[in-house]
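Heads up, the chain below is alone and in the form predicted on its own; it's given as structure tokens.
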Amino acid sequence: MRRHLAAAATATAASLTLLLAPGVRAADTADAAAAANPYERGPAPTRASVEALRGPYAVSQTTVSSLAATGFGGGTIYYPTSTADGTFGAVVISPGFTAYQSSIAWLGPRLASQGFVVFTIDTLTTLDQPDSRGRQLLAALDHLTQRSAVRGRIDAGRLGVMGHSMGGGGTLEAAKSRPSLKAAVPLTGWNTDKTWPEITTPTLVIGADGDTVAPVATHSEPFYESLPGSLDKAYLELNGATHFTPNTSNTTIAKYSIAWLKRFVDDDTRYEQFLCPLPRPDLTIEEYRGSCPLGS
């Protein structure tokens, strides 16, 4: 609530300044807004910008071999090429059971181009269970912030996790183990543990209406419903989708993941417009539930 009051006060002050001094440039107002939230990255978002295949940042990448990794199986780091905007928040993404990082690789450059450092990882073995994948997500975050070649580009206080299938289950495990995480996004998650009342990290649960591997009735929906009522949380059920929909480029997954990560990793309220009021069902959304307003 204090954050909302502060934001309102900032907006009011900006409005009064414009009224009292008509000659104030729009750039001055933009500078004031940026000063109010030093974590904002990139231009003001639009529907087109969050749905685009690439965001405003050019992206570079570097690989981490399994031999250089401790506690996970290596992977690929995608990051904004420019350092002009300072440091960025970071996100680690785990693949699912029997899968490799290639299955979730499309998310790397897509998220990084919006202003994040993104690490798509391989697990120690493709058969690792969700609890192990959760530990590996955290080990990869530690590698990113402490040992990686791009650690100087990362704000270690602004971190998130994502994952598909058992990697989605691992995302919940990681958020449970490390409450300091700013955001979690399980994608058609699978886990034998159905209840997560311990999680305090803002969590976007994404399920699929046609999922027969991790049906929403026994996975994504109970995951979401078990999260604390006081938590910033949302449930997005994809329409006409399967368990493996997150393995290929998907605009709906990208749009809401970007909005969620921006809102909570970057504390960027400019992206709340895509999350509140709650999105309505359409050709790609079967159902959406969630907290509104966010951050209250």
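Model, not experiment: these values are computed from the prediction. Residue numbers here begin at 1 and follow the sequence given.
Another form exists, predicted together with a small molecule; not displayed. Remarks below refer to it.
Is residue 190 close enough to touch the small molecule in the model of the complex, meaning at least one heavy atom pair within 4.5 Å? So residue 190 counts as contacting the small molecule.
Going by a heavy atom distance of 4.5 Å, is residue 233 a contact of the small molecule in the model of the complex? No, residue 233 is distant from the partner.
Whether residue 96 contacts the small molecule in the model of the complex should be assessed with a 4.5 Å heavy atom distance threshold; does it? Looking in the model of the complex, residue contacts with the small molecule include residue 96, since a heavy atom lies within 4.5 Å.
Would residue 243 count as touching the small molecule in the model of the complex under a 4.5 Å heavy atom rule? Yes.
Please identify the residue among 165, 136, 203, 120 with any heavy atom within 4.5 Å of the small molecule in the model of the complex. Among 165, 136, 203, 120, a heavy atom within 4.5 Å of the small molecule in the model of the complex occurs only for 165.
Which of 165-173, 67-75, 142-150, 221-229 lines the interface with the small molecule in the model of the complex (heavy atom within 4.5 Å): Heavy atoms within 4.5 Å of the small molecule in the model of the complex occur in 165-173.
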